[in-house]
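A single chain comes next, written as structure tokens; it is the form predicted on its own.
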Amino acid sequence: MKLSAKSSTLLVLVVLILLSPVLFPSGYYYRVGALIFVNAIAVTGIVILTGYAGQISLGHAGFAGIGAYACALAPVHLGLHPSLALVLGAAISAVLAWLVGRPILRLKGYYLGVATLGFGILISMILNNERQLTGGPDGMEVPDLGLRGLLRDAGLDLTNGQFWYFFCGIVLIAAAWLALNLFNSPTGRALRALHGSEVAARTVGVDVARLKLQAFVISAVYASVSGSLLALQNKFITPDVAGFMHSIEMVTMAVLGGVGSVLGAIFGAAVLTLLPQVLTVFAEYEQLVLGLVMMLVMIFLPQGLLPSILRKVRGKDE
């Protein structure tokens, strides 16, 4: 029986998550793997916004910052458990995305990019300047999630790296499943029609403004959850999580792997997270080589790494 594209993608993802630890030479790579999964969750949200709906955001790190600081502040000031703080951060991000998205999603092209960039910079400035609340540029500690202790009491003793690797992997699988279900739904088909042509989509009765707003809100929730997981994993957070460069990294990961594909974007997140680790041998030229590699990929593989690789493999099979 032939598997559907959704089932195949999820199966590949599950197999990779379960089998990759066999190749880890040390426990450090569990932490690297967890970081890949955290980045991939945010990038999956970019796939929904950009790959499905054709909209661009250069300020999504702002939502990651909201999620991260919700996990740092809500347990201290509201007495919430960190898991509930994660949900609160996602809810705040959704509401804020709805409020901000209504006016700015009327813009198109680079005007939309600049507007979202302004939002991201605003969040970053607030986190940097409100020292009494956020600790300013020095950052602040984040309470422990506590789930690892519960698992230990239940007889499952995992190292910190192992726990976060599998926990973030489970969240990533859920995020990918939701994104793939959306792709195959009537809403997903309407989003792809919107991506192709707003005028044509509107002509056949698609509510363009509503769908663009929905995609923006969903992608904001993905970014918020990603930021929360990063904060909980590190047990410390700084305003860099909401910085401009983090937003650029999200978009670059999606485009590098293939922004139209969930698995491709996850692949891009893995490559861009691992590449700096590999390029440390170039010392002070690391950023130069990284930029050169990305330029070459965009020139010769404009549809992204994974779609281009799969196309070549299928071409050889044929």
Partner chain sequence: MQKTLTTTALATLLALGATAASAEIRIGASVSATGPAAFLGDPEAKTLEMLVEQINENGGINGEEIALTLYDDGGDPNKARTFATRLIEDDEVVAIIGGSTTGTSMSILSVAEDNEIPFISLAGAIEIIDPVKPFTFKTPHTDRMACQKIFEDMQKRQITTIGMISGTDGFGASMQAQCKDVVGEYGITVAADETYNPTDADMTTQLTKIRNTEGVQAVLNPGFGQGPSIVTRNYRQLAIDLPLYQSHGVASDGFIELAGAEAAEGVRLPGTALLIADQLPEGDPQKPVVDAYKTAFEEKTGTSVGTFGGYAHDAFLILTDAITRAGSAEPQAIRDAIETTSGLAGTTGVYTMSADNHLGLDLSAFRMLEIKGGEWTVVE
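In this text, all values refer to a predicted model and were calculated from it rather than measured experimentally. Positions refer to the first chain, counted from 1.
Below: the form predicted together with its partner chain, not depicted.
When contacts are defined as a non-hydrogen atom within 4.5 Å, all of S26, R31 and T238 contact its partner chain in the predicted complex. Contact annotation: its partner chain lies within 4.5 Å of heavy atoms from the stretch 133-141 in the predicted complex, the single such stretch among 92-100, 133-141, 216-224, 106-114. Interface membership of L35, defined by any non-hydrogen atom within 4.5 Å of its partner chain in the predicted complex, is confirmed. Residue contact check for Q233: one or more of its heavy atoms lie within 4.5 Å of its partner chain in the predicted complex.
Taking the partner from the other structure, its partner chain in the predicted complex has a heavy atom within 4.5 Å of a heavy atom of N160.
If you take 106-124 and check each residue for a heavy atom within 4.5 Å of its partner chain in the predicted complex, you get nothing at all.
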